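In structure tokens, the next block holds one chain alone, the form predicted on its own.
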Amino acid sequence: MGNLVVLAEYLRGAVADVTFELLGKARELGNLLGLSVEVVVVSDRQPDDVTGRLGPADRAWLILHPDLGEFQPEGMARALAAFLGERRPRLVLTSTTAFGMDVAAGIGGLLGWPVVAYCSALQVADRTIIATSQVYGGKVLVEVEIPDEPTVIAALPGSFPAPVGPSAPAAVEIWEPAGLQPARLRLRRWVEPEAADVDITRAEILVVAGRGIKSADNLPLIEELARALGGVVAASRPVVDAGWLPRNRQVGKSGLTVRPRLYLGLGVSGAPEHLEGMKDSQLIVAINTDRKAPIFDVAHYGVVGDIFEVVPALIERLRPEGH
């Protein structure tokens, strides 16, 4: 067992961002353990200029089969299990997404390999790989020593930074599965979600409304502060569940992972699911009346106060002179 394998999430001609996060972590682990890094792309044809962007890997594999052109978890799991079973890598890294969870479970079941799901951290201690996994919806973190046998890791998106800067393209080899059985499940069509009015994952400044804003009637005040800062409004899950803001504005494990330059939380308590989606923000500022709110555990600066007193004062301070 001399390598680490990353399963690329390649769908509809694009590689998902989480693949590059996994490659970065695999490269780090490989350097510490003296292991090579390989990446696997599953497709029905040779993708154009995809493998050239997977440079953190030492080698790229293309698993090609005419029945694997669309997301097909059963067929993909069988093809990947056949490929991985021949090589017995030290670790197989995939993501805790619809793609990754389907494929990870299939590989683990077919090969009898352990699967560590909802992984948020991977580290090496005395050449032993230790995974941190979330259980009970992120309320409990469990450290697991990975056995010295092939293991599948399904990591949470946003847990690892993606590599920065160019790197040498990986060498590419093609592997074609033989005798792949026809799948019982077929993809009929893609249903696209409604286009988001704003992409909070790309915003450099986020003003995040929590349960503490009390009512949708108070959103104009939050929006005014966001405009004054040159940012956009996002929300915690209670605000979205109440219907005050759309789902594409939700930060957290069941929403979107964000890393803005400034995260300003207004009345956000800081549930574990929310913290998972914003803990890597460059600067975290929290305003809450509850001095014991978990959000203060990750905030760089905190204000114990009423947002309906603090926010108007901030807006006034941010206004240009004479306005």
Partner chain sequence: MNLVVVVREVPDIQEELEVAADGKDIDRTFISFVMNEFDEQALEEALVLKEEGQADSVLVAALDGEGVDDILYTALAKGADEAVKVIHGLEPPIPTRVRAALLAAALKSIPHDLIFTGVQSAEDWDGQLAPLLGAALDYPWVEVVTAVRLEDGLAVVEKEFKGGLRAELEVRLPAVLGIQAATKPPRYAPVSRIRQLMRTATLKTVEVNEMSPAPAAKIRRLSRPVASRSAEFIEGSLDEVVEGLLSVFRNAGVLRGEG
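Definition used throughout: the rigid core is the maximal C-alpha set that superposes within 1.5 Å between two forms. Bear in mind the structure is a predicted one, so any value in this text is a computation, not a measurement. Numbering follows the first chain given and starts at 1.
There is also a form predicted in complex with the partner chain; it is not shown, and the following applies to it.
*Asks:* In the model of the complex, which of the listed residues (Pro220, Gly112, Gly243, Gly179) lies with a heavy atom within 4.5 Å of the partner chain?
*Replies:* Of the listed residues, the single hit is Gly112.
*Asks:* Which residue, Leu84, Ala77, Val172, Leu122, is the contact with the partner chain in the model of the complex, using a 4.5 Å heavy atom cutoff?
*Replies:* Partner contact (heavy atom, 4.5 Å) among the options: Ala77.
*Asks:* Give a yes/no on whether Ile287 approaches the partner chain to within 4.5 Å in the model of the complex, heavy atoms considered.
*Replies:* Because a heavy atom of Ile287 falls inside 4.5 Å of the partner chain in the model of the complex, the answer is yes.
*Asks:* Is Leu262 a contact residue for the partner chain in the model of the complex, using a 4.5 Å heavy atom cut-off?
*Replies:* It does: once the partner chain is placed as it appears in the model of the complex, Leu262 has a heavy atom within 4.5 Å of it.
*Asks:* Within 4.5 Å, heavy atoms only: does Gly302 come near the partner chain in the model of the complex?
*Replies:* The answer is yes: Gly302 has a heavy atom within 4.5 Å of the partner chain.
*Asks:* According to a 4.5 angstroms non-hydrogen atom cut-off, is Gly212 in contact with the partner chain in the model of the complex?
*Replies:* No, Gly212 is distant from the partner.
*Asks:* Using a 4.5 Å cut-off on any heavy atom, which residues of 75 to 106 would contact the partner chain in the model of the complex?
*Replies:* In sequence order, Ala77, Arg78, Thr96, Ala98, Phe99, Met101, Asp102, Ala105, Gly106 come within 4.5 Å of the partner.
*Asks:* Answer yes if the Cα of Arg227 shifts by 2 angstroms or more between this form and the one not shown on a rigid-core superposition, and no otherwise.
*Replies:* Arg227: C-alpha displaced by 2 Å or more between this form and the one not shown.
*Asks:* For Arg259, is the CA shift between this form and the one not shown at least 2 Å following rigid-core superposition?
*Replies:* Yes, the C-alpha moves 2 Å or more.
*Asks:* Is there a C-alpha shift of 2 Å or more at Ile130 between this form and the one not shown once the rigid core is superposed?
*Replies:* No, because once the rigid core is superposed, the C-alpha of Ile130 moves less than 2 Å between this form and the one not shown.
*Asks:* If the CA atoms of Glu204 and Ser120 move by 3 Å or more in the model of the complex, do they move toward each other or away, so closer or farther than here?
*Replies:* Result: closer.
*Asks:* Classify the change in Cα distance between Thr96 and Gln282 in the model of the complex as closer or farther, relative to the shown form (magnitude of 3 Å or more).
*Replies:* Closer in the model of the complex, by 3 Å or more.
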